[in-house]
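As a starting point, one isolated chain is supplied in structure tokens, in the form predicted on its own.
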Amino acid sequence: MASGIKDKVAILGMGCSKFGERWNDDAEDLIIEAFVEAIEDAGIDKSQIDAAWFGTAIEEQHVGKSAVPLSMALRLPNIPVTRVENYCASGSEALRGAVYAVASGAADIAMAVGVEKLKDTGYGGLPQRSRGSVNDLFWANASAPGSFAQLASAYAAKHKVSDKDLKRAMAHVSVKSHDNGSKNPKAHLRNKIDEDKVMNAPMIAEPLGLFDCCGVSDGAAVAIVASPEIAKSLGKKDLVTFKAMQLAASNGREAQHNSWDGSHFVTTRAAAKRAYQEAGITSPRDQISMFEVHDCFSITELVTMEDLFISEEGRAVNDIMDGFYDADGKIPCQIDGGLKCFGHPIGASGIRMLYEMYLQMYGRAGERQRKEDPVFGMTHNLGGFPHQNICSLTIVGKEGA
């Protein structure tokens, strides 16, 4: 039986660019901005990095194919560099490559970089891409807002939640994230909103209004990882280590069989069970200190908190309205503002989520800092649609916890 990665890899340093409309910068500028912060934080020279992974999903719009753009942007010393793409979980996929390389002993120090430059593509949302000739035969008209709106409708029907109650809970999700994002100097959107504004916003795809949807953005994030022994030899103390990384991919059951009712994410539930087992977590609602989840739409966050087994099935509306996931609640969710306020530069998002966990663990989150000392933090990075997706989960925490 696989022993997993628990406490085999530590975070050596991290960096994150300012997210937003970066009209005057190209993707390479964003990479360098995040890398300079990460390498200074790690306290190493780039010649000490053994290998790197590069996550970007719509590379045709900015950096282009292969791993060469990352190697050239950072003038890396001809080390192995691998470009990866896995829908909107591309950043987490890059991180998984770097962490697994260190855990296996193939690298002493490895780096994960995620970037996307989307605001100047000319598209109002994400650029349209071919999904492959087979998918396009039966998936021709799917849009992200339309698909996730159907998730909301299916959830409401299954759990007999009124339209008004579900809309109010989704509004609370968005208001909470904007409150948190207003305290984050690296967030794209820093404006506070109230529930009435969310409830009365223009409709995008019923029941998802304007403030139920995250926007696109430009941004980059970097993580440098090493074994705990090497981190300590470099003078690092109170290490933040990886407890689990799990990924689940849809196998066609949701899209092709009526056993799926459309109200939840099959992949998230499968990955969560494995992640908790790998991390040795038996009661996640009591043990996890904070979450960053893939709130591409407010309904996604609501449903995900059940699929991660934090809220009981059908009870997330109650937990949300009780403030359970607020910044001062029992388990804060999106304490940095989430996709709602950072936007979603695809390749960067998964590593950006880990960046907030890292800051919180070391007490560096400024006015967003949790009062209680966090022990475990979990990120959830989702790519695709409710019926066909990739779910990537990461649990980090204090060494030995």
Partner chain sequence: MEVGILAYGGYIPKSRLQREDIFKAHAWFNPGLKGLARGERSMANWDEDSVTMAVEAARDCLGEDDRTNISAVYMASTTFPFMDRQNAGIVADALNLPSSLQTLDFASSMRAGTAALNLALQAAGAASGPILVTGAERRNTKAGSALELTTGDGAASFLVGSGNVIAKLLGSHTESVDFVDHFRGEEAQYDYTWEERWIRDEGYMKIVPKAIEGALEKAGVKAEDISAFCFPVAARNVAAGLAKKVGISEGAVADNLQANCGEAGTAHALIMLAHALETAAPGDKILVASFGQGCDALILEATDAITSLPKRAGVGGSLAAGRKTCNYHRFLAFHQGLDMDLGIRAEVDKNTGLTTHYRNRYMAQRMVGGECSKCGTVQFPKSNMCVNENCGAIGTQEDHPFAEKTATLNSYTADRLTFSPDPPAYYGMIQFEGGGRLMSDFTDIFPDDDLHVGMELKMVFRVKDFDHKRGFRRYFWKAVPVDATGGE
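Since this is a predicted model, take the numbers as computed values, not measurements. Residue numbers count along the first chain shown, from 1.
Missing here is the form predicted together with the partner chain; even so, the following discussion is about that form.
The shortest heavy atom separation between Ser182 and the partner chain in the predicted complex exceeds 4.5 Å.
Using a 4.5 angstroms limit between non-hydrogen atoms, Arg253 touches the partner chain in the predicted complex. The shortest heavy atom separation between Ser227 and the partner chain in the predicted complex exceeds 4.5 Å.
For Trp260, a non-hydrogen atom is located within 4.5 Å of the partner chain in the predicted complex, even though that partner is not displayed.
Proximity to the partner chain in the predicted complex holds for none of Tyr87, Cys296 and Asp322, with the criterion being a heavy atom within 4.5 Å. Stretch 202-210 is the answer when you ask which of 286-294, 89-97, 202-210, 187-195 has residues with heavy atoms within 4.5 Å of the partner chain in the predicted complex. Here is the short version: of Ala142, Met72, Leu234, Ala106, the single residue with a heavy atom within 4.5 Å of the partner chain in the predicted complex is Ala142.
Listed residues Gly314, Pro77, Gly280, Gly125 were compared with the partner chain in the predicted complex; Gly125 is the one with a heavy atom within 4.5 Å. Residues Ala149, Gln150, Ser153, Ala154, Ala157 are the ones in 148-177 with at least one heavy atom within 4.5 Å of the partner chain in the predicted complex, listed in sequence order.
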